[in-house]
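The chain below stands alone and is given in structure tokens; this is the form predicted on its own.
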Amino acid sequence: MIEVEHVVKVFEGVRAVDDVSLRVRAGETFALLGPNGSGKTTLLKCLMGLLKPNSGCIRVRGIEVGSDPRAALSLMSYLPQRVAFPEGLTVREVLAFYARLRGERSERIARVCHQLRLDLEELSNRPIGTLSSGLLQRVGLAVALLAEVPIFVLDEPTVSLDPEGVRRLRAVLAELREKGRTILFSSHVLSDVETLADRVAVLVHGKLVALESVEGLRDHWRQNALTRVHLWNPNERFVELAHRHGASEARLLGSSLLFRSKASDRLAILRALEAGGARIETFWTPEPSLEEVYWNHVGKRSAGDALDRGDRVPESATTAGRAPSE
């Protein structure tokens, strides 16, 4: 549906997008995830023809954006990162203008506003310039969702929204997903990506550092997951035992031994600890969150940071057990 091939965009010698290639499949919800300055907005602007890449190409349903922007853009609806409308126009005037622009009937306005819980009766005559940032974002979303197109491109769609606004947006996007629409959105809000996305591309300093399903990223991280073992008789010699039997890292923290290992080595390490005299009370392996996976790729947190902090993970959110011999 969307093909990005070796796209580079340079601003004053800085590569905002650095040789990025990816494909968004028809009917999937695809997230661009990354910290501020990672190149997400720049890449989306290149897709929408607002910026011209220095090199590479972008195609939408086989149409190259740079060669035939009108045809490519007719397939998409776009929400920019910063919503801006003429401040003197009313909410109703803005929605009516964009509905006419897209050839949509007024009934479509009412439906979209209802979906987003945007009270058109209350807001219809209010000038855009009097709206709060949250209401302005809802109007921007309503404008983007007015179009009956196969692809929706949303740049930070939950910014400024209150919890109810976020909940309603997620419901609307889920409905679009069920209808087979393709959704490409950017975010630095991990819960949005975890809730909405089928696949996620992680961008850091303009580079694509990971491209995988959300679950696939977690699975990769599970292969070097953290295990915490609570001991009746903590001793530094158990750290060496864990290392000897496959742990990539191990550390004693109070009465707990924390180690990282491949999933296939975990049981052998626990058995070796028990054979070496460790009295294991409980052990558990935290379920990796997208946040942990994300920060691992971004590089702001090393794999050993959790060992340094001694992450406190509730057993209700973990895989837990007793000593392997029990």
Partner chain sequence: MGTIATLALFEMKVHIRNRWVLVFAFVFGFTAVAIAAFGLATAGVAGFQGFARTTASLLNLALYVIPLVSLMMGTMSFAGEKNAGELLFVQPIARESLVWGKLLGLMLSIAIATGSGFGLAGMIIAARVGSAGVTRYLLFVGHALLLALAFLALGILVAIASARKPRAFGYALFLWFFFVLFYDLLVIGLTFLVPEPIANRLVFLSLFGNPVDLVRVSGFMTLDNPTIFGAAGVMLVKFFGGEGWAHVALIVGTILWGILPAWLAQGLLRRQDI
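Remember, predicted model here, so these are calculated numbers, not experimental data. Residue numbers count along the first chain shown, from 1.
Keep in mind that the form predicted in complex with its partner chain is not shown, yet the notes after this line are about it.
- Per the 4.5 Å heavy atom criterion, its partner chain in the predicted complex is contacted by stretch 90-98, the sole one of 231-239, 90-98, 201-209, 165-173.
- Residue L51 is the only one of A268, I63, C57, L51 with a heavy atom lying within 4.5 Å of its partner chain in the predicted complex.
- Taken together, L43, Q115 and H188 are entirely out of contact with its partner chain in the predicted complex: none brings a heavy atom within 4.5 Å.
- Contact check for G129: every heavy atom lies farther than 4.5 Å from its partner chain in the predicted complex.
- Taking the partner from elsewhere, R279 is found to have every heavy atom lying beyond 4.5 Å of its partner chain in the predicted complex.
- Using a 4.5 angstroms limit between non-hydrogen atoms, G180 is distant from its partner chain in the predicted complex.
- A residue is said to contact a partner when one of its heavy atoms sits within 4.5 Å of a partner heavy atom; F152 fails this definition for its partner chain in the predicted complex, lying far away.
- Along 70-86, a non-hydrogen atom within 4.5 Å of its partner chain in the predicted complex is carried by R70, L73, S74, Y78, P80, V83, A84, F85, P86, in order along the sequence.
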